[in-house]
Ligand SMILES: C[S@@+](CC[C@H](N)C(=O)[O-])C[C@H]1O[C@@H](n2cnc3c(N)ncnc32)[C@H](O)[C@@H]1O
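Coming up is one lone chain in structure tokens, specifically the form predicted alone.
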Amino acid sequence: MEQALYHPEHGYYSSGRASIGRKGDYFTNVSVGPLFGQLLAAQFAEIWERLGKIDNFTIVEQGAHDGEFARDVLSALRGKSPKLFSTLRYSIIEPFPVLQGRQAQALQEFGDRVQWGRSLDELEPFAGVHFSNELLDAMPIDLRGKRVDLENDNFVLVDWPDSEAVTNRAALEWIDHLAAKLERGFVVAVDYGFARSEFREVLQVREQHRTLDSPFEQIGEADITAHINWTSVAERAEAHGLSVNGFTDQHHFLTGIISEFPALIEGEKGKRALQMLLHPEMLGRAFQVMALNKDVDPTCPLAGFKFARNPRAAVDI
């Protein structure tokens, strides 16, 4: 999975072949239009206020693809929250030059307000928010009890007795690094998976909106993702001094933001985009949102979790 997605020359993401949207391989929140970024911008502005309107507020985005989400957020903050925008630093973690080039082109109007780093290790300790949309599902995993082997020059999955293996080691190491960089603020992750009580390993391979039968089809040409174990991520975060601030599905998360900022939904186009983001048969129930916080009063949830259950109970810890 790591080689198929991230090999420097042939990887699906690293080569720039990854294609998102109606004409691409899969559909995500940003494909709907700028509304998703506008709603998250309102949530980021609330986080800034929660942190005391600090003058060194940083938004860190990881998995920024072509930079569309960053452009939507920055445009929204420039128009709706000029005081925050005037002090904001937007940092993108992007290891692949081809994607960084696309992002720089999409964000050129924002000048040096946007900065790049190749990894979390290059990121300076910060106060603010780390955001990701469909980042964790693309991190390489181990399939419990399975290994990759060769059979007549073809890749195959074979049984392997390792029932104690950690399936999502990359995601856990990610939270280790991120927790060390976040001095104060929030981590907001939008992705798909299960809490421990419902967890099952689901590997998906998609090309041109088709689900392929095997990860060994169209290697380097198709997207490979795995549903994540939210409970293990939350427990690892708590072990590093973070607290679970909220956990809910995307429908309830965005509904909570809209209830606090109803003016964000304007015109028929906005209502159509909102329907796609909220509808349970589209994106509303397919994705979950987790917020972690550090050195912030955990008793007051963010707007997005206004209609959510107790977060630790919801994530099964």
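Numbers follow the displayed sequence, beginning with 1. All values derive from a computational prediction rather than experimental measurement.
A second form of this protein, the form predicted in complex with this ligand, is not displayed here; the remarks below concern that form.
**Student:** Which of 89-97, 209-217, 105-113, 231-239 has heavy atoms within 4.5 Å of this ligand in the predicted complex?
**Tutor:** In short, 89-97.
**Student:** So which of 167, 81, 133, 75 gets a non-hydrogen atom within 4.5 Å of this ligand in the predicted complex?
**Tutor:** Spelling it out, the residue with a heavy atom inside the cut-off is 133.
**Student:** Could you spot which one of 296, 303, 308, 20 gets a heavy atom to within 4.5 Å of this ligand in the predicted complex?
**Tutor:** So the residue touching this ligand in the predicted complex, by this definition, is 20.
**Student:** Is residue 137 a contact residue for this ligand in the predicted complex, using a 4.5 Å heavy atom cut-off?
**Tutor:** Heavy-atom contact with this ligand at 4.5 Å: present for residue 137.
**Student:** Decide whether residue 65 counts as a contact residue for this ligand in the predicted complex under a heavy atom distance cut-off of 4.5 Å.
**Tutor:** Close contact exists here: in the predicted complex, residue 65 approaches this ligand to within 4.5 Å, heavy atoms only.
**Student:** Indicate whether this ligand has at least one heavy atom within 4.5 Å of a heavy atom of residue 28 in the predicted complex.
**Tutor:** Contact check for residue 28: yes, within 4.5 Å of this ligand in the predicted complex.
**Student:** Which residues from 1-16 come close to this ligand in the predicted complex, meaning a heavy atom within 4.5 Å?
**Tutor:** The stretch touches the partner through 6, 13.
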